[in-house]
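To begin, one chain is listed below as structure tokens, in the form predicted alone.
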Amino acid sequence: MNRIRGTTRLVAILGDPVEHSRSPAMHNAAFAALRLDYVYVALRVRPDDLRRAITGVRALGFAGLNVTVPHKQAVLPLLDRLAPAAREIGAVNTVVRENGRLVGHNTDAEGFRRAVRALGFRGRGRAAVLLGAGGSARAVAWALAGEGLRRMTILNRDVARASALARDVRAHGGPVVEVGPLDAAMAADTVGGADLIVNCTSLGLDGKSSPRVAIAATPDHCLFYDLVYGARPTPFLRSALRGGRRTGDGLGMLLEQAGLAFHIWTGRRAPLDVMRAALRS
């Protein structure tokens, strides 16, 4: 753990829940490895308190933030400026203080792209199903659309929210996009041609819940990726493994997006090997 002094710069992750986050261990290991006078903490912020929390961040001089569920879209109007990717995606996961102004970035999209590429997935000409339509799903949708995806299906409890995301993806000349309710993932004709299925919901954070998917209807090569991560495979991934499908959890994306955020805050190249070891421990 870094020594905390009067000069120490503070970075935090804001979310609800946030107790499960491995970001503090990962970033503090990176700060220590490069001997940077920073410290990273996790702060639970309920949705009704987000505006006041950002006011506090300004007053207390935080160097930067990560923003996680459920604040990635709600934080947008509370910031002074958005980087181009964050503005286009419509979601922020990283904030940096620049000359007293809070600037929002999105490193989730590139982090996801790098994570699934490491698992051998290439999007061009492929089909993907996204479960969820919140801030994380927006980043995943943009990452996949930029990879030349052929078809994207967005399923969400609130179909209107899925439709809004679909309109935004189509407006940028992306793939064919279809929408439906979350339980449509149990229909063979919805997931039967999927090369990739991504859980972008918060289901699984409790270690028990999971979106329901007709796994047997998916192609044998289909990759199941869960943005949720834990010490063990999530219920979503356990079901996929029982069905003989390939899987990946959110630790890969967490590492990649964190490395990008680290560089935004510090201007230094992130020590990914150190951060990876901290995640594994």
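What you are looking at is a predicted structure, and each value in this text was computed from that prediction instead of being measured. Quick note: we count residues from 1 along the sequence shown, nothing fancier.
There is also a form predicted together with a small molecule; it is not shown, and the following applies to it.
Give me the residue from Val228, Cys222, Ala30, Ala240 that has a heavy atom within 4.5 Å of the small molecule in the predicted complex.
Answer to the contact question: Val228.
Quick one: of Val179, Val169, Leu78, Leu205, which gets a non-hydrogen atom within 4.5 angstroms of the small molecule in the predicted complex?
Looking at the other structure, the residue within range turns out to be Leu205.
Pick from 116 to 124, 190 to 198, 70 to 78, 145 to 153: which stretch has non-hydrogen atoms within 4.5 Å of the small molecule in the predicted complex?
Only one stretch qualifies here: 70 to 78.
Indicate whether Gly104 is a 4.5 Å heavy atom neighbour of the small molecule in the predicted complex.
Gly104: no contact with the small molecule in the predicted complex.
Would Met253 sit within 4.5 Å of the small molecule in the predicted complex, counting heavy atoms only?
Flag for Met253 set to yes.
Taking any heavy atom pair closer than or equal to 4.5 Å as contact, tell me whether Arg161 reaches the small molecule in the predicted complex.
Contact with the small molecule, yes.
Can you work out whether Gly134 and the small molecule are in contact in the predicted complex, taking contact to mean some heavy atom pair no more than 4.5 Å apart?
Contact with the small molecule, yes.
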